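Alright, here's a single protein chain in two forms, structure 1 and structure 2, each given by itself as structure tokens.
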Structure 1
């Protein structure tokens, strides 16, 4: 009887795990990233406009395509729980401005290039999937760009960009939490530091 119970319990756990992995529309996520890169990033990168204008276009694109609230909670780690509502809002706004600047410049490396889609990879997190792309370069191997996509109902949002195996959110999380720790848990010190980088 005990053996039957354990077998049933294992089967139920396995089915739950499979459902958790299958609850995201991988094809829809890939199409979402494809539309964003095709109609957004590539047009922004290749547009004959000033860097300031590119940053404004990237800001609009990032606000629409990225779940910055989700990312902000993640990169602040345990400090998100101790942050005041005002600190959270200020951090998200500053984080958005800084990443718009950094990534509009970083993606400029792909000027004149196209993203080639290489399918998706399941995530261990429910409602998430990795969309794999490469960007053929003039010299050397193609650059790998992986997009971590979260689905909520019929809505898709990017929650991480991984270029050449370097995760945007993980790099930020390691940097920011270490900075706060080294400054006595002062979240305002981090916000001030990010604003300095913006200048």
Structure 2
């Protein structure tokens, strides 16, 4: 009896896990990343417009494609729970502004590059999937860039970018939580430091 119960439990668990993986439209997620990278390359990087216009277009695309509210909450780690509503709002806004600024200054690095899509890999998290791409390099092996995509209804959003196996959100989380920890748990100190980088 006990064996039957355990077997049923395991079966239920694995069925739930399968449902969690199957609830994502992997093809749709891949198409979303494909369209986003295409737009980035054609409408921004290779477009014959001023640098200011390029930066405007990039900011719009970046904010539409990434779920910076979700990422911002994740990178604050356990300090999200202890943060006041005002601190949360202030942090998310600053994090959004900083990322938009930093990446709008970096996107030209992609000039002459293209993404080759290599299918998707399921995630253990419900409603999420990894879209695998490689970027051929002038020399040596291509760079791997994996996009972690979250589906909410018919909407897709990027919640992590993994480059050469390095998760950018995890790197941010480690950095920010270490900073807060080394500043006596002061979240405002982190926000103030991030703001200095916006200038």
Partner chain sequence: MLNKLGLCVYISAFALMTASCSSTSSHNESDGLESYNRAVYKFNNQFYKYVMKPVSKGYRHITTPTAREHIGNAFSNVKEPIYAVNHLLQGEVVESGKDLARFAVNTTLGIAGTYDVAGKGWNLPKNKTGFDDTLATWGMPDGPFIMLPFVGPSTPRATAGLVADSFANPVYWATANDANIHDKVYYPYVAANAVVVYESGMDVLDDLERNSVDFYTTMKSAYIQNRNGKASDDTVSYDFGMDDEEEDY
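On a predicted model such as this, the values are computed, not experimentally measured, just so you know. Under this definition, the rigid core comprises the largest set of C-alpha atoms superposing within 1.5 Å between the forms. Residue numbers count along the first chain shown, from 1.
Notebook entry, point to check: Which of the two structures shown, 1 or 2, corresponds to the form predicted together with its partner chain?
Noted result: Looking at both, the form predicted together with its partner chain is number 2.
Notebook entry, point to check: After the core is matched up, is the C-alpha of residue 30 off by 2 Å or more between the two structures?
Noted result: No, the C-alpha position differs by under 2 Å between the two structures.
Note to self: After core superposition, I'd like to know whether residue 116 moves between the two structures (criterion: C-alpha shift of 2 angstroms or more).
What the structure shows: The answer is no, as the C-alpha of residue 116 shifts between the two structures by less than 2 Å after core alignment.
Notebook entry, point to check: With both forms fit on the core, has residue 155 moved 2 Å or more by CA between the two structures?
Noted result: It does not, since the residue 155 C-alpha is displaced less than 2 Å between the two structures after the core fit.
Margin query: Can you give me the Cα shift for residue 48 between the two structures? Core-superposed, in angstrom, one decimal please.
Written below: Superposing on the rigid core gives a C-alpha shift of 5.0 Å for residue 48.
Next item on the list: With the core fitted, just quote the Cα shift at residue 105 between the two structures, in angstrom to one decimal.
Entry: A shift of 3.7 Å at the C-alpha.
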